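Have a look below at one chain only, the form predicted alone, in structure tokens format.
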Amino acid sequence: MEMDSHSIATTLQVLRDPAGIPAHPVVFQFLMVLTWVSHILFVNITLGSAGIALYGFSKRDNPFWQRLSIGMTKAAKVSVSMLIVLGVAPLLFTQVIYDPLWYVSNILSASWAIGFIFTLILGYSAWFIFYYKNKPNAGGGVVWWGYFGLAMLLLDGFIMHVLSYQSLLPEQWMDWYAPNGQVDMSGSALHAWQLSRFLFFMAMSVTVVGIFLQAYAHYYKVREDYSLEYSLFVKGVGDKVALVGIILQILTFTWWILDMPHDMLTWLNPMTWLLFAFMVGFAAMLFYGKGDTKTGYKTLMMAIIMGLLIAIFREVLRVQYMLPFDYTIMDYKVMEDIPSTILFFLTLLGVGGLVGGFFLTALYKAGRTKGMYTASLQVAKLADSAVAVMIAWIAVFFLVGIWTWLRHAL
């Protein structure tokens, strides 16, 4: 059952939310790209640190590897929480401006979309057991909890990849919905994936966890209970892992570009070359920076910039995929709601910036202190400000709600 481009374009328009969106689509597009960066970096840290934890467990006869395995097991456990929390925002912004694409893809593979929740719970539970049991003198059998946990997390990553990729192929939706004219309502199939794209993001996990280890070594080097030898060991592992990861990224990125539909001419897009050049430059920086103990957090900043470039590139590809169907977010119906938009950004800056800033500052300083941490005067003032802004936010939230209710009720 085939549909022409005009019919697909009409269908996509019909599937849009008729209520429209409360602000210009570019606002949501900007927020979607920006919030995706933090999400994907924690996805990378989770998968990468889980891999390092399992590898380190296999070499636990070496006390440094044993300690690193335990540390990375904990890092992966925390990162899963962060990737889930930070994954909500980009998912919601995607649902706002690309709702026809995302919802159709999810319905076509509904069993997998629902199963994602259960496999995530299974994976996280298994990893938590591994975290609980991965202690000095732990038996070799506990590692199977870790393998199972990582396998479930990789499956979740693949499901998300498929749901995202299927959303870019509306010309094939009818074939998947009614193969050979027979409607399939089961939602039990994963219909399309792009291995080159998926492996690129897996390679990114290798790079990011290498950078994470470099930052980890730099972060803990001031602690008395972290010896210089251990810090140098972690830094050395991070140097090697990050370099291998960025080379794998360059190779899989090249494969991904060659794997794109020829009529999209992706290899001619300036964003393609900008990202490619950045990764090559990043690889050179990692190669010549091997063994340099003064790099600090510079490579971490480079990884964040790389994540941002990839987020933009990913969005450029989505726009290109939709061009034949005249789907652009710019003509989305806008029902302007200025008060809620202002409240959102004030919340983002006030609660997200000040409260989030307080937590990050306190955690950063507490983590570099052995034993009990006593907040400095500046951190204490930051805490007071965070509490004050939370009280103000709750008051404004209820006042706006009561005002809106009275305005429509009276």
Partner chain sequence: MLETLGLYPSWYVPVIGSAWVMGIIGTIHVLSSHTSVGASWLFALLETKAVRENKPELMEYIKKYGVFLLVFSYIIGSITGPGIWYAITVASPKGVGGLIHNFVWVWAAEWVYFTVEVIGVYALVYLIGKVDPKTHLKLTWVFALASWATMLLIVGILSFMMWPGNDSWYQTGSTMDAFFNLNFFAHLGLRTAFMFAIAGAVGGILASTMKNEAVRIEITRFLSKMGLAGVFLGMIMWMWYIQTLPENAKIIMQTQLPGYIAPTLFAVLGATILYFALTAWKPLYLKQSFAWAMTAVIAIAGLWPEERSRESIRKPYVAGQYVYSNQLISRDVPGKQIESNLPMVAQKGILATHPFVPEELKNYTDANRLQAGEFVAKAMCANCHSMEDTGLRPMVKKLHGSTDVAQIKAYLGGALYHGLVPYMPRIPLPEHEQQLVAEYLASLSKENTQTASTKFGSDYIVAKGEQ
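Positions refer to the first chain, counted from 1. So that the term is clear: the rigid core is the largest set of C-alpha atoms that superpose within 1.5 Å between two forms. Since the structure is predicted, the reported quantities are computational estimates derived from the model, not experimental observations.
The same protein has a further form, the form predicted in complex with the partner chain, not shown here; the description that follows concerns it.
**Q** Tell me, out of Phe278, Trp267, Tyr132, Trp193, which residue has a non-hydrogen atom within 4.5 angstroms of the partner chain in the model of the complex.
**A** Looking at Phe278, Trp267, Tyr132, Trp193 one by one, just Tyr132 meets the 4.5 Å heavy-atom criterion.
**Q** Heavy atom within 4.5 Å of the partner chain in the model of the complex: which of Ser227, Gln95, Thr254, Gln320 fits that? Just give me the one.
**A** Result of the distance check: Gln95.
**Q** Counting only non-hydrogen atoms, choose the one of 170 to 178, 307 to 315, 199 to 207, 139 to 147 that falls within 4.5 Å of the partner chain in the model of the complex.
**A** Going through the listed ranges, the match is 170 to 178.
**Q** Is every one of Ser81, Ile117 and Leu348 in contact with the partner chain in the model of the complex, taking contact as a heavy atom within 4.5 Å?
**A** Answer is yes for this spot.
**Q** Spell out, yes or no, whether the shortest heavy atom distance between Pro339 and the partner chain in the model of the complex is within 4.5 Å.
**A** Heavy-atom contact with the partner chain at 4.5 Å: present for Pro339.
**Q** Does His262 reach the partner chain in the model of the complex if we count a contact as any heavy atom within 4.5 Å?
**A** Judged by the heavy-atom cut-off of 4.5 Å, His262 is well away from the partner chain in the model of the complex.
**Q** How about Phe28 - does it come within 4.5 Å of the partner chain in the model of the complex, if we only consider non-hydrogen atoms?
**A** Answer yes; at least one heavy atom of Phe28 falls within 4.5 Å of the partner chain in the model of the complex.
**Q** Examine Val162 and determine whether its closest non-hydrogen atom to the partner chain in the model of the complex is within 4.5 angstroms.
**A** It does not: once the partner chain is placed as it appears in the model of the complex, Val162 has no heavy atom within 4.5 Å of it.
**Q** Any residue of 199 to 216 with a heavy atom within 4.5 Å of the partner chain in the model of the complex counts; write them all down in order.
**A** None of them.
**Q** Is Val400 one of the residues whose C-alpha moves 2 Å or more between the shown form and the other one after the core fit?
**A** Shift at Val400: 2 Å or more after core fit.
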